[in-house]
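Okay, here we've got a single chain as structure tokens, the form predicted on its own, with questions on binding and movement later.
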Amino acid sequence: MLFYTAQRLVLSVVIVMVAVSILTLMLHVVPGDPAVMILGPRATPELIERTREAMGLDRPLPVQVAMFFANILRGDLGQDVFTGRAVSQIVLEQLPYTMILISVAILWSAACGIALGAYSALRRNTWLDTLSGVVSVGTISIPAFVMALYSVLIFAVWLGWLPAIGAGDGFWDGITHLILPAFAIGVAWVGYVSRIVRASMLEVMTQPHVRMARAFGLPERRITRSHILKIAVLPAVTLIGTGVAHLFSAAVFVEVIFARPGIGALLVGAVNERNYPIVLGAVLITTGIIVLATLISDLVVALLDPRQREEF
């Protein structure tokens, strides 16, 4: 298990480095000069050149990437080009809002998806199973930003049940402001999780150990809980771990629609302003979280299924 964990940690570090390097290349392809964005269109060429030198933009791209990783090792993500504040401080101020949003979306969608998938598998080929499949495929096909727009229109504008703007003040107000964004992000994952749990359960139900348990007269509920569902949820754990990246991308649109603070809104503003340090710092931290979530899901699967460890 330790060797398996070490392999995954090394792979995670490599993934983060490659992702940040690719992002740096993409930022330099985007039209617009950050120095001009900071100084304005009336700035003199000499002042623009000095600003580019101060930001390190006059150096070759490989040197800029190397300098960025060297600063990371020192714990320095740079400074905001407009306010001069530390990038790490700005990102960490916004990160909790996004993490709470994604965590709530994962929890409710996973719970509902596993329950719906298990019920569909146990009642397969019935009208309830068919209805579950139609609803699941329907929710999967709706993008998060579309679901967010209709959620605002129905529950906030027409019915007036829930607030739609901001993150709220205080605990209970924050919860009410969290319901619609978490619903918009997580509703598609109910369909994903339920479909994969249903397919996995149907496969596990035909395995010899399940037939053996029934032959020994074990209660059907115990067989389902201990011998079927415990194995059937493993693909769902992997799906959720790898789906954190999708949830972060969905959070970008949802936070803008609901005018919530968070990494998504921060990234959109930074990209529009060509604020490279904020973009790189935010993507570095979110990439690290995504890789960590994938690592945790791999370790959980390996812990529950020793066969995964034996492959490495």
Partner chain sequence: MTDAALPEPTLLARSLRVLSGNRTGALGFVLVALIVGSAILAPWIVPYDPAAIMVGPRMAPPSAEHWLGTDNIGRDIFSRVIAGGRIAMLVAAASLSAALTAGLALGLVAGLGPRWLDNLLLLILDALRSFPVIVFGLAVVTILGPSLFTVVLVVTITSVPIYARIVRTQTLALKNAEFILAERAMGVGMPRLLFIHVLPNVLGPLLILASMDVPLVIATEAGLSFLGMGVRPPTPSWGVILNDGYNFIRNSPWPVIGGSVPIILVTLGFTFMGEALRDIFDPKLRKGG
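Predicted model, so just to flag it, every value in this text is computed and none were measured. Positions refer to the first chain, counted from 1.
Note that the form predicted in complex with the partner chain isn't included here; everything after this is about it.
Per the 4.5 Å heavy atom criterion, the partner chain in the model of the complex is contacted by stretch 157-165, the sole one of 157-165, 105-113, 181-189, 91-99. Proximity of Phe248 to the partner chain in the model of the complex falls within the 4.5 Å heavy atom cutoff. When the partner chain is considered in the model of the complex, Val146 lines it closely, a heavy atom lying within 4.5 Å. Contact annotation: Thr44 falls outside 4.5 Å of the partner chain in the model of the complex, judged by heavy atom distances. Contact between Ser141 and the partner chain in the model of the complex is found at the 4.5 Å heavy atom cutoff. Heavy atoms of every residue among Val14, Val152 and Val291 are located within 4.5 Å of the partner chain in the model of the complex.
Contacts between stretch 234-257 and the partner chain, counted in the model of the complex as any heavy atom lying within 4.5 Å, involve Ala245, Phe248, Ser249, Val252, Phe253, Val256, Ile257, listed in sequence order.
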